[in-house]
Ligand SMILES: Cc1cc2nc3c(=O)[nH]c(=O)nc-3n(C[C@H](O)[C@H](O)[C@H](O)COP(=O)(O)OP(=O)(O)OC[C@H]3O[C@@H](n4cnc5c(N)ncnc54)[C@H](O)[C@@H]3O)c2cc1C
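One chain is shown next in structure tokens, namely the form predicted on its own.
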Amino acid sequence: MTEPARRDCDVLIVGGGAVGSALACALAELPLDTVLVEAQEVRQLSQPGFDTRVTALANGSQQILAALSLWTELKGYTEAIRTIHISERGRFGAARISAAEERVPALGYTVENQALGRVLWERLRGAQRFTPLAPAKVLRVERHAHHVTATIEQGGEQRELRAKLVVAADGARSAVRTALGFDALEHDYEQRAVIFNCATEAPPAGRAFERFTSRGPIALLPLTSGRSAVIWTLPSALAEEIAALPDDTFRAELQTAFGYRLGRFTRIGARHLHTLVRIASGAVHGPRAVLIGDAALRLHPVAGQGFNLALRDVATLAEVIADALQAGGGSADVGATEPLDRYADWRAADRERVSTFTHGLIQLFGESVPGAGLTRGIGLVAFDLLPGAKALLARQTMGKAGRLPRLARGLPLS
């Protein structure tokens, strides 16, 4: 049967990574026709191995996935984070946050990206009113009073798609953001992250570490099978130099920077380099358009907040759309001004808070003026002794700060 020259839907999502597919899963709970356009081919993913990339999920993000009935499928690929140890190399003082003190099962979890993607797409395969277009790309986006028109290229052919709302979930270099005419501000940290998995003499056993050094922070996160994920942030030129070192030399550099809290590093996996920039869109919504995830705000990875912020975008947008449908008796215009304004207003405080928090950490621990290290050491000791201060930081890192959407509280969408 010949494909129609034009397809109509309620919501067009551009970007089928974890953020876009999570939104599609949430909207699958609602009486909507959703189309997702993804540039890459969606295929069954292989079983995770030693070098599998991972994502850190905050406690609040776990609640969102559980509320969408996805957590049961993911549990075998996750590792709980029960404590976070924060320190600075060469300085006294440290701060510790624990799940027991905060009275939660875990501060967060790590999940293998392959497993997360597989579970999300397996759920979408059973969604009756969901249509994936992959591999495909959006060539043009035009906004009109009552709909958005997108020109889609797939298999060498072009078609027109008309939607009430377009959602850009296509990453920090969002083509949809550009097509919509939204400006973006970029801050180059002049840093690159060396990302890899490792094994240590002592297993991490639920312990995560944030270690600040004069050259940049090192984050170590517990993984399944006794492994750890490491995100080592360094000045750009130095990162390339260190990442290219022979295995034994690289291991020695890492050991010196991180220390022996887990004994010796016994195995180092494949190393990957990522350029670190903060990219903030000047607007996150406009007529019949919304930006979510990195398309709206790309963060420095120092506190592992990016995907968690994006999941709260997903949960909030889904709730706003669900409320509009309920108020309209199931036939509301989901791209109308009122629900999109409500979404943007709701998300503004959380986005600003997290952006300020992550940027502030880099500014604070990157400062090398005389006396700054002593001040930071005293601050970490004071922080560790003040339960109120730790509770505030724990709420932030767990994704529990501010007004939370229903899914982030473990409640159904509608």
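The numbering used is simple: start at 1 and walk along the sequence shown. What you see is a predicted model, and the numbers here were worked out from it, not measured in a lab.
This protein has a second form, the form predicted together with this ligand, left out of what is shown; the following refers to that one.
This chain lacks the partner; the member of 231, 325, 199, 242 within 4.5 angstroms of this ligand in the model of the complex by a non-hydrogen atom is 231. Between this ligand and the residues 222, 293, 335, 216, the one pair within 4.5 Å by heavy atoms in the model of the complex involves 293. Each of 56, 169 and 305 is positioned with at least one heavy atom within 4.5 Å of this ligand in the model of the complex. Look at 335 to 343, 169 to 177, 243 to 251, 314 to 322: in the model of the complex, residues with non-hydrogen atoms within 4.5 angstroms of this ligand sit in 169 to 177. Although the partner is absent here, residue 356 is not a contact residue: none of its heavy atoms lies within 4.5 angstroms of this ligand in the model of the complex. When contacts are judged by a 4.5 Å heavy atom cut-off, residue 19 counts as touching this ligand in the model of the complex. At a distance threshold of 4.5 angstroms between non-hydrogen atoms, residue 405 is out of contact with this ligand in the model of the complex. Contact between residue 195 and this ligand in the model of the complex is found at the 4.5 Å heavy atom cutoff. Contact residues in stretch 136 to 154 (any heavy atom within 4.5 Å of this ligand, taken in the model of the complex) are 136, 137, 138.
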